[in-house]
Ligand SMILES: CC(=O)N[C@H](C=O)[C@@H](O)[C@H](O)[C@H](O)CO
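This document starts with one chain, in the form predicted alone, laid out as structure tokens.
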Amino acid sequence: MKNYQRLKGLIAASFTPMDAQGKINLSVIDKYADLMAKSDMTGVFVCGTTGESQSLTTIERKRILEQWIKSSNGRFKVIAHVGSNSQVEAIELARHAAETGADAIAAMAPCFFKPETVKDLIDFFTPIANSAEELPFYYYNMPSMTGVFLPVATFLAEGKKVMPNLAGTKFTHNNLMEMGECLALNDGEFEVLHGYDEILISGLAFGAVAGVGSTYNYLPEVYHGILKAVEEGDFQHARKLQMKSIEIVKIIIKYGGGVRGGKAIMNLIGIDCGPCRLPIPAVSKEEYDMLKNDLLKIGFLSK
């Protein structure tokens, strides 16, 4: 891998800005990237779950990645999610990511049809990873969305034999025993990017040093604080900050989850990400007012 460096710190799972008609709105990304740089993000994770990747066309995903790489201007890393139910499209996206200048690629398991064994998953991913062999490749493990519950540590150990650029996993699952197993595998050979914002403290306690999250976009000081507190061994303060994260997550769930509620919050803080693409319905004016009121109650919008 070319200039490979292990990731550390916060990687924001970026939202895909769209206009009222549901078309991608690339003009917002310059301002968005400025916020990510100001928030001291290690990187952005583009066109993942938060970015509505499976609702986008391949051409749209390429254009979004190109704009993020341009807008980042080297201030933070850009990780391209290239996963798809179509292996052919995923290979195309991986090659494009390498040619465009992305810093790494990641892919979630296909969810229709699903791999039934670790070997099936390895066979699916190998040509994708090999299409961008100079870039680190991360297996995006998110069984709650993909329905694929194959053992990640086994995948990493066996997959490395045929994918030399397999760097680790974006672990978006609350099976912390399995996360610990991945972190300990081969004396820490593989990176584990923690993927559940509301239990970041748990991943850090197991030894993770980097996380990917959607709420990092608008709550960076809380997560930077958690990282710092855990590094210093101040778990009392880390727990206090994690509860602030949980307050936000509970509000997001109230308004339709991380993508729908999160986009609404981005709009409220001045980064116009617009609505989600159907089948996720738009947030109504009444819901925006209620969301704003809920955020005011916990002091979020008054900072």
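Note that the structure is a prediction, hence the values are computed from the model and not measured. One rule holds for the numbers: they count along the sequence shown, beginning at 1.
Unshown form predicted together with this ligand; subsequent notes refer to it.
*Of these, 263 to 271, 232 to 240, 64 to 72, 249 to 257, which stretch puts a heavy atom within 4.5 angstroms of this ligand in the predicted complex?*
Flagged stretch: 249 to 257.
*Using a 4.5 Å heavy atom cut-off, state whether T172 contacts this ligand in the predicted complex.*
Answer yes; at least one heavy atom of T172 falls within 4.5 Å of this ligand in the predicted complex.
_Considering non-hydrogen atoms and a 4.5 Å limit, does this ligand approach E198 in the predicted complex?_
Yes - in the predicted complex, heavy atoms of E198 and this ligand come within 4.5 Å of each other.
_Whether A94 contacts this ligand in the predicted complex should be assessed with a 4.5 Å heavy atom distance threshold; does it?_
No - in the predicted complex, heavy atoms of A94 and this ligand never come within 4.5 Å of each other.
*A107 near this ligand in the predicted complex, any heavy atom under 4.5 Å?*
So A107 does not count as contacting this ligand.
*Interface residue in the predicted complex among L219, L227, M142, I128, criterion: non-hydrogen atom within 4.5 angstroms of this ligand*: Selected option: M142.
*Mind listing which residues of 33 to 63 have a heavy atom within 4.5 Å of this ligand in the predicted complex?*
Contacts from 33 to 63: T49, T50.
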